[in-house]
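As structure tokens, one chain now follows by itself in the form predicted on its own.
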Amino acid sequence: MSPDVPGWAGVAASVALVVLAAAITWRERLGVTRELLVAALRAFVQLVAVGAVLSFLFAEAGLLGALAWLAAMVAVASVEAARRARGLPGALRTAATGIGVGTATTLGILVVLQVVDTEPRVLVPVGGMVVSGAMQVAALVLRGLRTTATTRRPAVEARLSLGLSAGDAFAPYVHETVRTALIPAIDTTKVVGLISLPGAMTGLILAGVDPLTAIRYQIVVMYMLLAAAAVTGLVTARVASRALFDDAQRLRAVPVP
């Protein structure tokens, strides 16, 4: 075992950090102590289970198993993103479409250009980063459009009454929502390496890889996440916008968040 990788004794010792966080939330009466402890326990159980599954996947499953695992990650991410926008028409289908297209487009380009290997050991971790980033953008877009459909309803209906189509009437709000959803990905890309060393680069350095080699991999990862965010945001917004209007181009009723 590499000396840079904590053993199970080190993992057990790190529980002290969870205890510290729980003590702070309990002392300040923040009301999230129970949730924090449950989250920590769930993370431990889930990561151990996923580690066991990935060990089998890397050894036995091959490319089809890796693709099935990626599909499962997209499904889970879609449910989570849709949960953030309850009440929005077709939220789950929209999230699945946006995340699925964003993930497939990004990974497809990298595989075709032979930047990323199709071995499960490479494809699954890289795909997980893409799905995670796409999920965050999809959730932000869905929440933003749900809020717009409720708070900007009079303005949208006024534009419709002037003879604009549903797409044209809603377009400014779609653009605003997508821009807002892309801000985290853009800002993270701007300051990468200056404020923090991202996960992929840090992991490679801890594994003993030369920093310049780790940097090359991290550049690919950042560009990958930026592209996935843009594609996911656009697709999610377009699909959600269509679902918000009926066949007569009337804005559907959306529950107030």
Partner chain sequence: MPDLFTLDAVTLDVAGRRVLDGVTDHLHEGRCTAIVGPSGSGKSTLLRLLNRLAEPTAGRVLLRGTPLPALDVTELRRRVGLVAQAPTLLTTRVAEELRVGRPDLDDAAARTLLARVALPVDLLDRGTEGLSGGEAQRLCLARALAVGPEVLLLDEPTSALDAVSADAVDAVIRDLLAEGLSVVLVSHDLDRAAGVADDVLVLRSGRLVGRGEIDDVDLDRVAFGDAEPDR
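Note that the structure is predicted; figures quoted are calculated from it, not measured. Numbering follows the first chain given and starts at 1.
This protein has a second form, the form predicted in complex with the partner chain, left out of what is shown; the following refers to that one.
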Tell me, please, which stretch of 76-84, 111-119, 161-169, 135-143 lies within 4.5 angstroms of the partner chain in the model of the complex when heavy atoms are compared?
-> 161-169
Using heavy atoms and a 4.5 Å limit, would one call Glu157 a contact residue for the partner chain in the model of the complex?
-> yes
Partner proximity in the model of the complex: Gln249 to the partner chain, non-hydrogen atom cutoff 4.5 Å = yes
